[in-house]
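In structure tokens, the next block holds one chain alone, the form predicted on its own.
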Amino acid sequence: MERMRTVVRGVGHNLPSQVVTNFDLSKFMDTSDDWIVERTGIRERRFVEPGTTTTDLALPAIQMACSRAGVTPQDCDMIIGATLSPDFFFPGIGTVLQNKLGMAHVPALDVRAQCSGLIYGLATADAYIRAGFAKRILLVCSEVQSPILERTNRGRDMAVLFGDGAGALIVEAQACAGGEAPSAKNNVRGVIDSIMGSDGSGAQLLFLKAPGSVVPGFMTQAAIDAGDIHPKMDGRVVFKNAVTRMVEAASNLLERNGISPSELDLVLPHQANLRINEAVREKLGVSEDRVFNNIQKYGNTTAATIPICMSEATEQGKLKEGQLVMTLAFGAGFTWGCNLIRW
């Protein structure tokens, strides 16, 4: 069998038009622009209009990714969806997108890795392509989180963090010319390596309890009254774990591939908290000009943050073909990981 590599052919994003500033949130809860910016770096985020679903939001991102790749959704032979906010409790967004896009009966699956969704999704796509199972994969990361946020003082700590958004990638199998696979030491395009990890002991430190089988009756009025239908987080513990695990994963990936942080052209971290990204950047020793952040504008769009960064960095000329790129994330579960890519 011919040796294959996984190349990102196109990337796209979509964000709702409704801008929600910190000043807007201060009308519903005891908070302020200064308080939010100091602790998170977030100045505004985007919320969908009522009735917009996660797959609705994803469609323009998919169209943009396909246009940039010069393909159509019908040219893809697999769908991987990554989200914590699907249209339905089940099924996932992969099959819903297959129907909305009018694609053939291709395999469709969802990855539930929350903020690490792009990392896990790209690693999964890479594995399928290398194994010869797929030739061109549509990877979609989309989140509609605004409806589950509790915009009161009780839910303030979470409500200020999250926004809605979508990103999509077209990843394609290409033959390794002369059998040479992508590496940090050559200029062959493609996914070079991925590292992933998890620690389920932190599951209830960042989670949404209901609906779920842990709740007697799955969904009850008592669960609604208790606020269990809204996300909860132990912010200090999550912050500490995020920095530790992201630095650990990135360091291991760099060591495994025989490179130093200075050899990276661009780092695309998950956009959860600007303070987390700054702490990780400093510990890794990466200069500010080689880290892309846009959390100031969009907040935490969970699985969608990294592909949105990819798409915007491409538009701004900061992400270019041939660059050595690292993605990096930590999320609920706990999950974490990073990808090393020759763009």
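Just so it is clear, the model here is predicted, and its values are computed rather than measured. Note that residue numbering begins at 1 and tracks the sequence as displayed.
Unshown form predicted together with a small molecule; subsequent notes refer to it.
Visitor: Exactly one stretch in 66 to 74, 286 to 294, 28 to 36, 53 to 61 has heavy atoms within 4.5 Å of the small molecule in the predicted bound form; which is it?
Guide: One stretch meets the cut-off, namely 28 to 36.
Visitor: My question is simply whether M233 lines the interface with the small molecule in the predicted bound form - judged by any non-hydrogen atom within 4.5 Å.
Guide: M233: yes, in contact with the small molecule in the predicted bound form.
Visitor: Can any non-hydrogen atom of G12 be found within 4.5 angstroms of the small molecule in the predicted bound form?
Guide: Outside the cut-off, so no.
Visitor: With a 4.5 Å heavy atom cut-off, would you call L97 a contact of the small molecule in the predicted bound form?
Guide: No, L97 is distant from the partner.
Visitor: Even though the small molecule is not shown here, does V238 get within 4.5 Å of it in the predicted bound form, heavy atoms only?
Guide: V238: yes, in contact with the small molecule in the predicted bound form.
Visitor: Of D228, D110, D193, D157, which residue is found within 4.5 angstroms of the small molecule in the predicted bound form when only non-hydrogen atoms are counted?
Guide: Answer to the contact question: D157.
Visitor: Taking 4.5 Å between heavy atoms as the contact cutoff, choose which of I137, A272, I93, V144 touches the small molecule in the predicted bound form.
Guide: Spelling it out, the residue with a heavy atom inside the cut-off is A272.
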